[in-house]
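Only one chain comes next, encoded as structure tokens, the form predicted on its own.
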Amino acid sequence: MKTKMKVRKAVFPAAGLGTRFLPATKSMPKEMLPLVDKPIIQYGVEEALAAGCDQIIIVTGRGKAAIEDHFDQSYELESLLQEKGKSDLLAIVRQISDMIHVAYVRQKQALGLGHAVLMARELVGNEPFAVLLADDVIDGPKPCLKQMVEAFEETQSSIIATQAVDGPMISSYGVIDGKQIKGGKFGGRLFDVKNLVEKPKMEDAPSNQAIIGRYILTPEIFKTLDRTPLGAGGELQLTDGMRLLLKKEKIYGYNFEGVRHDTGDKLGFLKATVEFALKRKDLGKPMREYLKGLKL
């Protein structure tokens, strides 16, 4: 009997320039922008940890040292907090560095998401792995990646996270062309993917299932990306690589349960900040009162 594959590693492409948040991102990685009091990328790392991934691979670029510092130990800060008796803050700081094993690989040129994934090849090895785009912060009753891992354990095939997008906005996304698998363990959330279409016109979209920044991929994707032609802007597109992968293996879409916040967009970032603040025990009540008092 063939041993079932398990997802233990999670890749975070984090080499982008974050131009939409200039001038803030001139010297600060966009992944380190805080949602309330926690960097965007930490939400994704905690999600990966909750899904059973104990090895995190971050694909970085020039000017991203702050990410490495954040997940490393800070002896000076820990010592200061200990001296001042601030044990609650000390526990929070130590939890970050103790959270997981983090490895880094450098993407010297930003040549697309497919290229970023390919950079992680040696660290991933010959096993399935997750890819999380930190900009997509997903708040759900069960972590999005955990839902996908459960689907992977059943299918043993690559899984793409999707959400329903109706109307003209579908043209901003990659879209799956797939058949819904009704009933069963996943209650209609699973789709058998036949094709992937990048940013179709609304009238040409094969479905309303838009691709969101969570993937579980088999190691075959590396061989596929090796022979994938460069796409728009001379970049290696992950979607193009997955389209080639479809010719060899099955791929499923998974319509996750939860709310996705696009924190790579200014308005999306502001909305996420407000919603996460409202969920906090220490901030929720005063924040709600403040919002009610605004004369809009």
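Numbering starts at 1 and follows the sequence shown. All values derive from a computational prediction rather than experimental measurement.
This next part talks about the form predicted in complex with a small molecule, which is not shown.
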Name the stretch, out of 159-167, 202-210, 179-187, 111-119, where some heavy atom lies within 4.5 Å of the small molecule in the predicted complex.
-> 111-119
Counting non-hydrogen atoms within 4.5 angstroms of the small molecule in the predicted complex, say which of Gln147, Gln107, Thr224, Thr218 makes the cut.
-> Gln107
Using a 4.5 Å cut on heavy atoms, which of Leu133, Ile138, Val124, Leu196 is close to the small molecule in the predicted complex?
-> Leu133
Closest heavy atom of Met287 to the small molecule in the predicted complex, within 4.5 Å or not?
-> no
Leu17: touches the small molecule in the predicted complex, heavy atom cutoff 4.5 angstroms = yes
Flag His261 as yes or no: does it have a non-hydrogen atom within 4.5 angstroms of any non-hydrogen atom of the small molecule in the predicted complex?
-> no
